[in-house]
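So this first bit is one chain, no partners, the form predicted on its own, shown in structure tokens.
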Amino acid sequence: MILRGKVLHRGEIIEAGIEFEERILRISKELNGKAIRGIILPAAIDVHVHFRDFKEKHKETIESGSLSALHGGVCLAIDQPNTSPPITTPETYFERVKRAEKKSYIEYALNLGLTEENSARICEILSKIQKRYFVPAIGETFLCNSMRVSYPTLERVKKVHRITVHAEDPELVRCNDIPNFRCRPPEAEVRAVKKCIETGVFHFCHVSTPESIKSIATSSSTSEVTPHHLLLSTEDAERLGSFVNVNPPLREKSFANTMLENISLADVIASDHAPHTPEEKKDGKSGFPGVETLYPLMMNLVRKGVVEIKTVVERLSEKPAAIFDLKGYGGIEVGNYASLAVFDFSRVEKIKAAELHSKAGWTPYEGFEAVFPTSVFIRGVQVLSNKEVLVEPGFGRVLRSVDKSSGD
């Protein structure tokens, strides 16, 4: 197949044709093919989702979460291990990916969970899994909550594998009442980030404070930011009501504004898609759904001139692929998978929860402007056309260990 139109290639928008089968074969200004309205971009890699399932299938499943991701222009999602039961053993890991192989609409990878209980055997557990599957990272590793890991344990295992950290210091997290930003202060994140940077090199999840993102940027570690820490703030508490809780919590408007102004300091933009039902949110559960709105919200910021398209695409595709060693993914380059998303900036929509595909049934971005993809391709196959899904559950692959070593 050959698509022709505006293409973001190596940081520049050019008029060119892209020839591809499963992988991109040629990119040339001389190639003619099917004319595309809009701009052809790499499909996104969301390195931080919680697709729930198992005992929490009432709030999301791999099938519903990956369908939501597909509609948002995401070709690959990295699922987190704090499920019920958690992914802390080879047995639960294999059970999880077996489900993904049957149900995922998009490419899928799964992190391994680290706890105090399995930390002494983490090398053995990881080795057993890696004989079959590609493990992007150990984490999201929590410094506070029921899967809490201590700083000494984190230091002891820091060189085992890539580790992603949820940085909130447990001594400063007082509660999770509504609104939880009153008892989970910015200092909890700042302190945890500082301690971890002094310990080793990590990938920091969902950074929410300017001080932290600036500290990480001057270290050897990497960071990710979320749309909700860029676009929402404590000023949204009245609008969100009992749905306001998220970890780390929303910060003051000045923090969000500074985070957005300094988005180039972040390495990755990720959704931290963490769905709960409306009933659970009323009880104070923390987390926002967001995998479907991740790319569309960022594309609307590009449309409005708030951020540059190169900045967004680097952090949604190129840098995630590089940081997590995802061979064949990333930018639009010959040899990479033809996983593409087409956006038409003339087609601006208002986000409506009723039209999204997560089982959560709500969104913190109700009424926000967004630009959703008109077409999505994964590995050269068109999977979405004007909101019509063209593949079945199970189309998406689970990344295996050979994917990392051979690119197959």
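What you are looking at is a predicted structure, and each value in this text was computed from that prediction instead of being measured. In case it trips you up, residue 1 is the first one in the sequence shown, and so on.
Form predicted in complex with a small molecule: not shown, discussed below.
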- Task: Work out which of the listed stretches, 331-339, 279-287, 150-158, 300-308, brings a heavy atom within 4.5 angstroms of the small molecule in the model of the complex.
- Result: 279-287
- 4.5 Å heavy atom contact, F142 and the small molecule in the model of the complex: yes
- Contact test in the model of the complex: H203 vs the small molecule, heavy atoms, 4.5 Å: no
- Applying a 4.5 Å heavy atom distance criterion, does T222 contact the small molecule in the model of the complex? no
- Task: Report yes if any heavy atom of R315 sits within 4.5 Å of a heavy atom of the small molecule in the model of the complex; otherwise report no.
- Result: no
- Item | Selected contact from V246, A270, C75, V207, since only one has a non-hydrogen atom within 4.5 angstroms of the small molecule in the model of the complex | V246
- Item | Sole residue of L112, A274, A100, C196 within 4.5 Å of the small molecule in the model of the complex, by heavy atom | A274
